[in-house]
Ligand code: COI
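Below sits a lone chain in structure tokens, taken as the form predicted alone.
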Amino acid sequence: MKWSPEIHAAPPRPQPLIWEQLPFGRVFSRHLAVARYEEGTWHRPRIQPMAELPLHPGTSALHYGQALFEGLKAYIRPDGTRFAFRVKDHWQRLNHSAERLAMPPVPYELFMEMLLTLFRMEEDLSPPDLSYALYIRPVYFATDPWLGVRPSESYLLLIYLTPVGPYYTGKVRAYVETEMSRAAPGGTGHIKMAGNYAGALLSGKKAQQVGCQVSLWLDAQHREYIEEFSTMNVFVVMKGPRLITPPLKRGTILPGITRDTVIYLAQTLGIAVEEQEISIYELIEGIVHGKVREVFGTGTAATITPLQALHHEGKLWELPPTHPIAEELLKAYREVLRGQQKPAQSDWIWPI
């Protein structure tokens, strides 16, 4: 078959994992799935031992940023069923990102075959329960050794796995970024381009200096309307309850898969959901007067993460200490993963 990977097996893992002690994103699968695009076509993929990549110093992605990635998760149910969550949606978003960066689309069958073969060769990475997951990282970048500002003619698609627990532990505070901008209309804020995250790192340092773990970005034009956290989409729970999240229409916010899942779950629970602009001043006033009951972030890595406080213009604004809506949504999310609640679409659950 065209996409049946050529396999080069790696040695067994020298010792079993201790899941309770895993740092997020620091332990990797023994194997790496690799597919190359050149001469106008995708070639047969390989499964090979995890190792450093030989790259020419002129590799296009290193100079001109034609690089993107995805992030999705695989789980195991109490009955031993292994599955990945919303694989097709992540593949579609990868290709949406690729289109914006003038990169060729990745065939669905190629992506699925690489992923499934990799899973089968990494059975020892099966999580012990739904408290843990296998984080799946596809990364796709230009490889032409050519110092010219133009789309590359050759590319690499890599997929590997990393076993993980929670992304955030303990209470999470957000630093409201008022000086720098993450994305502007017409730019690349709506895709998972590698450079988008590099542009947030300096703000992350500022956040850490005031005891925060993440930045909350405002719109580039007015520096007033909230958009998203550096690592998550943002939701606000207003008195009612009403669930509000910023709209995607400006093209400056990543269309999060978990964001979409949470909107669906809220609707099934009878919680009103609105996609509308929220001013940072309206948000803070709502905190002061008790109209804002919760703020939480959503993302594949972070899942659903409640916020303890917002740091804005030198002052810390504490949020209510309880998070009943976020907890109810997280419970519903886990029920979908366990098979106790029907997903919006059957292909949300992709058996391994």
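Just so we're clear, the structure is a prediction, and the values are computed from it rather than from any experiment. So that there is no doubt, residue numbering starts at 1 and follows the sequence shown.
Note that the form predicted in complex with ligand COI isn't included here; everything after this is about it.
field: Heavy atom within 4.5 Å of ligand COI in the predicted bound form - the one residue of 231, 126, 117, 196 that qualifies
entry: Exactly one listed residue reaches within 4.5 Å, namely 231.
task: Would you mind picking the one in 64, 42, 69, 317 that has a heavy atom within 4.5 Å of ligand COI in the predicted bound form?
output: Exactly one listed residue reaches within 4.5 Å, namely 69.
field: Contact flag, residue 60 vs ligand COI in the predicted bound form, heavy atom cut 4.5 Å
entry: No, residue 60 sits far enough from ligand COI in the predicted bound form that none of its heavy atoms falls within 4.5 Å.
- prompt: Though only this chain appears here, would residue 242 touch ligand COI in the predicted bound form if you measure heavy atom gaps against 4.5 Å?
  reply: Residue 242 lies outside the contact set for ligand COI.
message: How about residue 137 - does it come within 4.5 Å of ligand COI in the predicted bound form, if we only consider non-hydrogen atoms?
response: Although ligand COI is absent here, residue 137 would touch it in the predicted bound form, with heavy atoms inside 4.5 Å.
- request: Decide whether residue 299 counts as a contact residue for ligand COI in the predicted bound form under a heavy atom distance cut-off of 4.5 Å.
  value: Although ligand COI is absent here, residue 299 would touch it in the predicted bound form, with heavy atoms inside 4.5 Å.
Option from 49-57, 286-294, 26-34, 299-307 whose residues, in the predicted bound form, bring a heavy atom within 4.5 Å of ligand COI: Result of the contact check: 299-307.
query: Relative to ligand COI in the predicted bound form, which residues of 181-195 have a heavy atom no more than 4.5 Å away?
result: Only 192 sits within 4.5 Å of the partner.
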